[in-house]
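One chain comes next, on its own, written out as structure tokens in the form predicted alone.
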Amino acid sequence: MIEVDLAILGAGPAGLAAAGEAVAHGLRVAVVDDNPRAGGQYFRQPPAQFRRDGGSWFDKEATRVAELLRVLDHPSITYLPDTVVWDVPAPDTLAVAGGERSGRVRGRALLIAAGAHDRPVPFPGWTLPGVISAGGAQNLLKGNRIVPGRRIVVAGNGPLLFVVAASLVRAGAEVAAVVEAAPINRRLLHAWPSMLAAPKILRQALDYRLSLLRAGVPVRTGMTVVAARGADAVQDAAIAPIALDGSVDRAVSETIACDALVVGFGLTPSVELLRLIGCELGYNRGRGGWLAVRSDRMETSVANVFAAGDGAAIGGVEIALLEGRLVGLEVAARLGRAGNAEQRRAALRDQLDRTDKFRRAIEAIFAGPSHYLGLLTADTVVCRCEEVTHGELQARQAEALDSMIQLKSTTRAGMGRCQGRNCMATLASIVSEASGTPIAGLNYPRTRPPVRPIAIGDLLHEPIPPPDLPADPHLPRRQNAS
């Protein structure tokens, strides 16, 4: 058992920032992350064996990354990389699996900074080789310096599309088009004043856009990918107009030749552990779906359990860093280690409020269709792990098996390796649309451990106390006197 003042799940921006703030106030901290190298998605690092000259566009954050990562060498930090948190058996304890590191990490406070994952949107052909998520494309670029193709279409909804497209251009790929579902051009003027609240992020956003303009990349707005086509791999993408009610006009579809299709329809916070702990969640489609309900000090409804970064609500790297620092400061203050807590907290809150103003403006610009069910055909795979099609789900609904739990039980949708991360949002939209019940009012299947796949052999490294058995195992256990 590792015992610390603050146990952190996630070595991304929020987790690293919290660790840095906490150790600066003398706290003992454990950081657990399932990646072999710290940094999270935004600060993803290439393998240590890679040689870097520091002059690449992909190294522009090198100084800030080095400063964040330096905290992991602090003597008060216990860092467990390549280690999966698979359960929270008690509100102050993380169950971890990582070979000989497997066991328990107990903290006087917990920070869940689990990050986010791509919001999957099924459409015909989305399982073809060559179709890759926006987050996956970023992983290839940042972590391995690999582009997923030579002629690439980037399609979906949200600001991440422009980040990925600009990164691909900088890496030497040909981006045939950026296809954005929201009518962003006519919303820019209204949102512009709020965007000035965070000039550094605004400059970065303009840099991405200018990269596409200089490369001559066409940007199609109010449109979406409706199909990926090809024999053994994607060869072209069909796009068509989409309305804010989710209806698609296939009669005016266009075809763009490509050998890779990068799709991203926004991000979804990874709230599985928060749900498992019993933290209150609220639904906000604009911020990624289910979010942790938090106080202004990032504490969830469960005492001393905090959530920060995109794993709590989609906000971007700058918000994640600020929220992480707030958590580190708050835990230090509660333990009597932060003498200047109020002054420091006020400064962080001021930065967070200004950055949040920019975030709200971006949300308004990129607010997409209410759903993407118009992309589904009967033979479109909804659950990739169990290969469940939309037609199979419709057949079960016709038999009055129409709740999320019934559909999961009768089709195995959501029972595969990803445990619903790739299909549960679509399943919820299908049930919501058919029943007229808002997604926030649906009964979701329960979350159970392990929340992430783990090797059974890892658990053998964990010391297990001997069972409490009666002298004769055939007799009932002795009951404690009341």
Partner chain sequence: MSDKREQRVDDGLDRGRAFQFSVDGETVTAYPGESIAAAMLAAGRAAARRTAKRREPRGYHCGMGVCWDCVMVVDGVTDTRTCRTEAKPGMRVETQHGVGQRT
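These numbers come from a predicted model, not from an experiment. Numbering follows the first chain given and starts at 1.
Although not depicted, the form predicted together with the partner chain is the subject of the following passage.
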property	result
Candidate stretches 157-165, 185-193, 114-122, 341-349, one within 4.5 Å of the partner chain in the predicted complex by heavy atom	114-122
Interface membership of residue 211, the partner chain in the predicted complex, 4.5 Å heavy atom rule	no
Contact label in the predicted complex: residue 36 to the partner chain, heavy atom within 4.5 Å	yes
Contact test in the predicted complex: residue 74 vs the partner chain, heavy atoms, 4.5 Å	no
Exercise: residue 389 in contact with the partner chain in the predicted complex, heavy atom 4.5 Å	yes
Partner-contacting position among 240, 376, 279, 147 - heavy atom within 4.5 Å of the partner chain in the predicted complex	147
231, 398, 303, 251 - the one with a heavy atom within 4.5 Å of the partner chain in the predicted complex	231
Residues in 357-385 close to the partner chain in the predicted complex, defined by a heavy atom within 4.5 Å, in order	379, 381, 384, 385
